[in-house]
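One chain comes next, on its own, written out as C-alpha cells in the form predicted alone.
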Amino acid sequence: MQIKLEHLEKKFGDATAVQDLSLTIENGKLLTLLGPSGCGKSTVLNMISGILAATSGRIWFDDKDVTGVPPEKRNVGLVFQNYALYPHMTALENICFPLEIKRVPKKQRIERARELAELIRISDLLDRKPLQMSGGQQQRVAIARALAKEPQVFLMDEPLSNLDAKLRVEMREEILRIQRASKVTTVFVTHDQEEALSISDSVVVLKNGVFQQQATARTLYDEPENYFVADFLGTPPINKLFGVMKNGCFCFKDSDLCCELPLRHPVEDGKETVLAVRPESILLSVAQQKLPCVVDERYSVGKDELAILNIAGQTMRGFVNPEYPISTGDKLECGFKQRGIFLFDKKTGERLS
C-alpha cells in the first residue's frame, strides 16, 4: 500500500499544526516522522488514520482517495504510546478482539492470534493479563493486536517512549524485524533521532508543522538541507560556530581567524553565517588547514573520548583518539574533514556549503 499526502494542512482555530505537507510513503516501507515535540508528527499520523479530519489537502491509499473515509473503513493498525490493552483480557483475548469485531469465527481468530504471537515472540504470554506483563511484553501484544486484522497500513505513535533505554534498543530492533516480516507499509512517529535513524527506510523531518527534508537516515546526517536538520540530528549535537563572510571565507566572530570552504554559490561579504561541524569531523594537529585552539576539557563518554576546544573564543566538541596525549590547557592546531562540515545562512538557515 502506497500512501500519498498532497498539500495536507491541519488547523486548530487560528493555529496551524501542519502546513502544506506533501510526501509519499512507498509500499512495504517504514517511514518515520521525526521532529521535536509539537511539530505536528502525531497530527499527521492521526490524519492518515482518519482520527483527525484534514483542514485541506488529500490523502491517498494507492489510487483511492481516503481523505473523507472514516477510520474504521481505512483498515489501519494503530499502536499508541500507552498500548491501550484491555486490562481484563488475556494477551490472547486482546489479540483476538479486532477479529471478534469483524465476526471472524473463533477457531480462525485463535489460529491467527497464535501465528502472530509466534511472529512477535510472545507465545508463552498468551494466558497473561496486561498487569502480569512488563512494558515491553505489553507493547508486543499491542503490535500483535494491531496486525491481527491484517491492516493495509501500520501506524505507531511514540511506541517506545515508556520503556527504559536498554529495552528501547531491543524493541526497536524487534519492530524492524516484524515490519520486514509482515511487509506492511508503516509510519512511525518519534522525537528520538536514534530510533528514527536506526529503523527507517526513510525519515521525514518536521519543524512547526512544516516539512524540512525527506531522505534516508544516512543522507539526512551527511547532507542536511538546512540548519534545523543539521542541528536536530547528531549526538553529541553538531558544533555551531558563528561568524561572517569575507572574500569567500568564513571568519570567526570578533576574530581575525578565517577558513576557506567550498561554497555552493558566491556569498556576499558581511553575511552572518553559522559553521556547523560534526564532532567526528574535527582533526587535531594533522589537518591541512591549521586553526589554533586550546583544550578546555577532556572527558570520556563510554568508549569515546571527547575534547572541549576553544577556537577564536568559541567552543566546540570533538572526538579524539583515546591514546592521543592531550590535556586541559594544551594549545593545538585543528582542522576539519571534508565530510560533516556545513555552512548556513544565520537568518534563513539556507545551506551555503
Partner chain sequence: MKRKNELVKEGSLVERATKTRAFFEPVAFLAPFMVGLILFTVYPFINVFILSFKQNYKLSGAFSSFGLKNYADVLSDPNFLNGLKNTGLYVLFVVPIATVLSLFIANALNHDIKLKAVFQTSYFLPMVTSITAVGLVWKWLFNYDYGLINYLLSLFGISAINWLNNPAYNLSALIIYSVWSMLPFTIILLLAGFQNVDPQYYTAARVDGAKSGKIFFRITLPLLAPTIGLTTIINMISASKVFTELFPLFNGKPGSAYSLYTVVYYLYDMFYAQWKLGKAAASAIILFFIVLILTLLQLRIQRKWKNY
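Positions refer to the first chain, counted from 1. Since the model is a prediction, treat every value here as computed from it, not as a measurement.
What comes next is about the form predicted together with the partner chain, which is not displayed.
Chemist: Is every one of 78, 86 and 129 in contact with the partner chain in the model of the complex, taking contact as a heavy atom within 4.5 Å?
Modeler: Contact check passed for all of 78, 86 and 129.
Chemist: Can any non-hydrogen atom of residue 149 be found within 4.5 angstroms of the partner chain in the model of the complex?
Modeler: Answer yes; at least one heavy atom of residue 149 falls within 4.5 Å of the partner chain in the model of the complex.
Chemist: Taking the shortest heavy atom distance, is residue 71 within 4.5 Å of the partner chain in the model of the complex?
Modeler: Residue-level check for residue 71: yes, a contact with the partner chain.
Chemist: Considering non-hydrogen atoms and a 4.5 Å limit, does the partner chain approach residue 82 in the model of the complex?
Modeler: Flag for residue 82 set to yes.
Chemist: Does the partner chain get within 4.5 angstroms of any non-hydrogen atom of residue 291 in the model of the complex?
Modeler: Output for residue 291 is no: heavy atoms all beyond 4.5 Å of the partner chain.
Chemist: Using a 4.5 Å heavy atom cut-off, indicate which stretch of 118 to 126, 88 to 96, 229 to 237, 179 to 187 touches the partner chain in the model of the complex.
Modeler: Among the listed stretches, the partner-contacting one is 88 to 96.
Chemist: Heavy atom within 4.5 Å of the partner chain in the model of the complex: which of 100, 164, 194, 173?
Modeler: The residue in contact is 100.
Chemist: Which pick from 312, 51, 284, 316 sits with a heavy atom within 4.5 Å of the partner chain in the model of the complex?
Modeler: Selected residue: 51.
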